[in-house]
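Subsequent text provides structure tokens for two forms of one protein chain, presented individually as structure 1 and structure 2.
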Structure 1
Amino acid sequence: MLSLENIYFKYPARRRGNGDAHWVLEDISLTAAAGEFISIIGPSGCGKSTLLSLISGLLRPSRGRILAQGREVLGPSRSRVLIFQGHLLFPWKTAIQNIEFVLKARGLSQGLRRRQALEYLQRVRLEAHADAYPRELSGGMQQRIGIARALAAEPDILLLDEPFSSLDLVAKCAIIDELKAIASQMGKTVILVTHNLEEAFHVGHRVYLLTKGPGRIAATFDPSATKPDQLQSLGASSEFQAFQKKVSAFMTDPAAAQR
């Protein structure tokens, strides 16, 4: 379980010049259970990525608190893993060696590392490319290996910061569907930050819309279980079209959208 309780955050004023401290996030509260996929959307500069850094423990809230598995988040932990747009794989290591690196840090023996690394590659359907270097793989494959490496840390919470934005539609759909299945099967909580409304709606059990900075929760959406199974067919869905219209209304005039 992840719980954010009345989170406020501001960066300190610059020591030189006249820059004042400014609030990036104000009064953010939300919860996410094991197996849930939460999407966070909003305009550039609303604090989406900052929110992920707070959940990961890379930053500390100015006010409020964040609880993960009932414990307050006070710093980074392998129980909360960030996945960025770039895969950040070691280019001099093969796919399986990239995953073994994480398993070695967990203290696993060499033989066990190899077996478990192959299991994680199987989860993302890339066991046939275990000995390939990142440069020999497509962007979608590289991102899937990055996800496998993140899962090898055995986190409770996966934090995704625009990880699919550079991928073509086919690769994006494959990774998203695999990640949804993995999150459900392994009981992971997943928080996705994205500008892409189709992605947010397709994967989200809930979608939070943040206002332009300082970021506040302007609206919460609960996509129904009857939404299309395929990302490609989402655009024709009347439910998605209504969601898209509502988000546009909030972005244009939040006060009017709430009436």
Structure 2
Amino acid sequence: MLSLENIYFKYPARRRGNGDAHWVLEDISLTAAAGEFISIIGPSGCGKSTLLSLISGLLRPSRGRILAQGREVLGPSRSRVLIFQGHLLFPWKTAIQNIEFVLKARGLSQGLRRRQALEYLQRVRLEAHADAYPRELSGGMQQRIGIARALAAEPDILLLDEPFSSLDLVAKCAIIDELKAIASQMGKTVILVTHNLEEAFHVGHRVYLLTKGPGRIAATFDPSATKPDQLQSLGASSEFQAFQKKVSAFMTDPAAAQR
């Protein structure tokens, strides 16, 4: 269970120059229950990555509170793992060593680590590339390793910042299904930031739309009641088309769309 209560955030102003920094996020409130898959969409620069950093605890809100499992978030924790935009694997570690790093942080003994790490790699179907360095893997493969590494932390809350951007549709569907299964069966909360409306609509129990300058929640959608099962055939469904139309109306003129 995750809840954000009236979050405000601005980055600290630089000592010289552009004196008072403006709010990046303003009055953000949202909740996500265990087992829920939430998506966040919005124009570039509206503060989506910042919001995930706040939830992860890497940044602290200027005002407001973030509660995870009923306790205030005061710093990073393995129970809320963030997959950064641009994967950020450790280039000096092989695929499997990247995952073993997390298992080490979890306190697993050295003997167990490799076997367990292989299991996480199998979940993203990359066990054959266990000993490859990130530079030897394609962008999509690196993203999948990043996801496997995050799963290895066994977090309660998984924060994904555009994690599928270099995946083809088949690989994307496979991972999304896997993540949905993990969320619902193991009671995890997944928050997905994406630019892809199909993805957002397909996975989201709820979709939050942020607007820019300052980032606010402009609208909330609830596609879970209506959506068809297949991501591939989503484009044709009338529910999705209606969603798409509303989102683009908000993006072009939030004030008008509100009325």
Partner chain sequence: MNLLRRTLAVLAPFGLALLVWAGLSATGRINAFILPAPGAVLRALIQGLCSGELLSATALSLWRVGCGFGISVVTAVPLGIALGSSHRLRGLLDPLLKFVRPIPPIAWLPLAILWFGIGNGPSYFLTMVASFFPILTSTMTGVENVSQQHLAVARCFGATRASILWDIVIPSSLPMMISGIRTGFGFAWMAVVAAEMIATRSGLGYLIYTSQDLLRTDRVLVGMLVIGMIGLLVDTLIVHLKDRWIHWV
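Numbers given to residues start at 1 and step along the sequence of structure 1. Please read all numbers here as calculations on a predicted model, not as lab measurements. Under this definition, the rigid core comprises the largest set of C-alpha atoms superposing within 1.5 Å between the forms.
- Query: Looking at both, which one would you say is the form predicted together with the partner chain?
  - Reply: Pick structure 2; the other is not the form predicted together with the partner chain.
- Message: After a rigid core superposition, would you say the CA of L74 moves by 2 angstroms or more between structure 1 and structure 2, or not?
- Response: No, the C-alpha position differs by under 2 Å between structure 1 and structure 2.
- Query: Does the distance between the two CA positions of Q185 reach 2 Å or more between structure 1 and structure 2, the core being superposed?
  - Reply: It does not reach a 2 Å shift.
- Item | Large Cα move at K172 between structure 1 and structure 2, threshold 2 Å, rigid core | No; that C-alpha moves by less than 2 Å between structure 1 and structure 2.
- Item | Following rigid core superposition, Cα shift of I145 between structure 1 and structure 2 in Å | It moves 4.2 Å at the C-alpha.
- What is the magnitude, in angstrom, of the C-alpha shift at K104 between structure 1 and structure 2 when the rigid core serves as the superposition reference? Spelling it out: core superposed, C-alpha of K104 shifted, distance 3.1 Å.
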